[in-house]
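We begin with a single chain expressed as structure tokens, specifically the form predicted on its own.
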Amino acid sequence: MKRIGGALGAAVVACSLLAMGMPAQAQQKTSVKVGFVTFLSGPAAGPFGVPAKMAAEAIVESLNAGKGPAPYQIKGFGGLPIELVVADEAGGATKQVAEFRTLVQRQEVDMVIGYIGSGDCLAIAPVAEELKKLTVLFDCGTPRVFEEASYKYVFRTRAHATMDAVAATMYLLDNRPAVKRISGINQNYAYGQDSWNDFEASIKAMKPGVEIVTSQMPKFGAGQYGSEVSALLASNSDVIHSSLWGGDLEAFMLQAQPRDLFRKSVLVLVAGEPYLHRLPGKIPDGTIVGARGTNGVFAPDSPHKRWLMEIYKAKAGVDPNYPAFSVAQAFLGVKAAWEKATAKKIGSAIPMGAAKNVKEEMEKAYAPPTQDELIAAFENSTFDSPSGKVKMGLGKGHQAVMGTAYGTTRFENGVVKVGNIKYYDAERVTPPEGISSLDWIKSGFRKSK
């Protein structure tokens, strides 16, 4: 009789869901197929891409086992296991567009999570819109993604890079108010150009009269920086700003150190956190370093941070750097939206009192959300992450907003440590909706109405 009653109960639930108009294919779904794109080769792989991949693998394993921190204990996404399809981001924007089409049209992924390079993000976003496929950008710094366009299917779960420049300027002037001469070295593509333009404008807005001596813009992946180091040495600058990352930053540091570039000039690395454990002894004491948010060494203690630290270290053997924190934000953001949409669907489909536990019903995967339902739940959402609370507060609810932090390095007992850490609320360092980052800075950081 118990078996018959259970079968009848299941049939009633199934009929209720069918009556709600759920497609048969959705009910037969056995996993969520996620295309995950990151650098697996090339100079960006070591410090950024591979840590991101290891984080994705560790996170998926933990979530599929139902071992995520509260409120992420439901297995996978709403009870459905997550299946990763990993692709290499190396090769440039044209290649990435072709790879994206392959993931969507041939591999039939349910969504794509990925992209570190700003040029790749700018190229992928309109294609995601064309193919109507949910795409979550977990990194890439340029604010132009949502400042220059509006998207339905594209989200970015980390803050854009304008706050890097604004907070770096605040930190620099708080700690070195006598600065007079500034130079920069940044990669000559979207992110490097945006980073330098925002930093230069922030300096001029906060301390008029500071002299901008030289702006060096080597091409992405140049590898050799002899002429740039010579120009920076000749500039006699108090401060050198750099958004270099990947193998470019590593090569630049190894070439600059023997020539004593940083003997007089303070180095500001707006994206330098991933290199602290990779370049011990090569990052000079007194370097100002950030991690585009409260990521990595800047992350506040919480159950979510401890969870990521534990599962990542078990996978990689080292503590996670900020690309790993960024990946966690993307997966947890999708998971929170998925389960919000699923709970709403279950609540509508099952009569009041018929389900003893929504979690149990969710894990039976009766009612995975449609893509439109998932997008609606994702827009303007707020969710917890290892870096703190994330708010999808810009880009009409598609762009994350968070605070950030900066600190100063010192080399101690063979390890680069960060001290004198200062935190900056999102409202202080992020432009409001409807105004471009550069216009906001030049306006004197005017507040939204």
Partner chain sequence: MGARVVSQFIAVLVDGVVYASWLFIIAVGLTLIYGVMKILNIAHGSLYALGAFSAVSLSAAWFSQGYAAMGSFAMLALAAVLVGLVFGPLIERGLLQFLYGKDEVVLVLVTYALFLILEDFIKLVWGVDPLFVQGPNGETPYGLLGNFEVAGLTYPNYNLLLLGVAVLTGLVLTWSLNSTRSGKLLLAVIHDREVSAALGINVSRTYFVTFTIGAFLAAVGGALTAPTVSVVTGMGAEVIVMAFAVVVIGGLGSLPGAALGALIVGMVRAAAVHYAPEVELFSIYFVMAAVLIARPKGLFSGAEVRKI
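For the two forms, the rigid core is made up of the largest set of C-alpha atoms that agree within 1.5 Å on superposition. Since the model is a prediction, treat every value here as computed from it, not as a measurement. Positions refer to the first chain, counted from 1.
Note that the form predicted in complex with the partner chain isn't included here; everything after this is about it.
Site annotation in the predicted bound form: the residue of 207, 219, 180, 306 reaching within 4.5 Å of the partner chain with a heavy atom is 219. Only one of the listed residues (279, 84, 239, 374) places a non-hydrogen atom within 4.5 angstroms of the partner chain in the predicted bound form, and that residue is 279. Highlighted residues 228, 233 and 254: every one comes within 4.5 Å of the partner chain in the predicted bound form, counting any heavy atom. Picking from 157 to 165, 292 to 300, 375 to 383, 207 to 215 the stretch near the partner chain in the predicted bound form, with a 4.5 Å limit on heavy atoms, gives 207 to 215.
In the predicted bound form, at least one heavy atom of residue 247 sits within 4.5 Å of a heavy atom of the partner chain.
At least one heavy atom of residue 223 is located within 4.5 Å of the partner chain in the predicted bound form. Though the partner is left out of this view, residue 317 does not reach within 4.5 Å of the partner chain in the predicted bound form, counting heavy atoms only. Within this chain, residue 418 is remote from the site of the partner chain in the predicted bound form, having no heavy atom within 4.5 Å. Superposition of the core reveals a Cα shift of 2 Å or more for residue 228 between the shown form and the other one. In the core-superposed comparison between the shown form and the other one, residue 255 has its Cα shifted by at least 2 Å.
The rigid-core alignment places the CA of residue 218 2 Å or more apart between the shown form and the other one.
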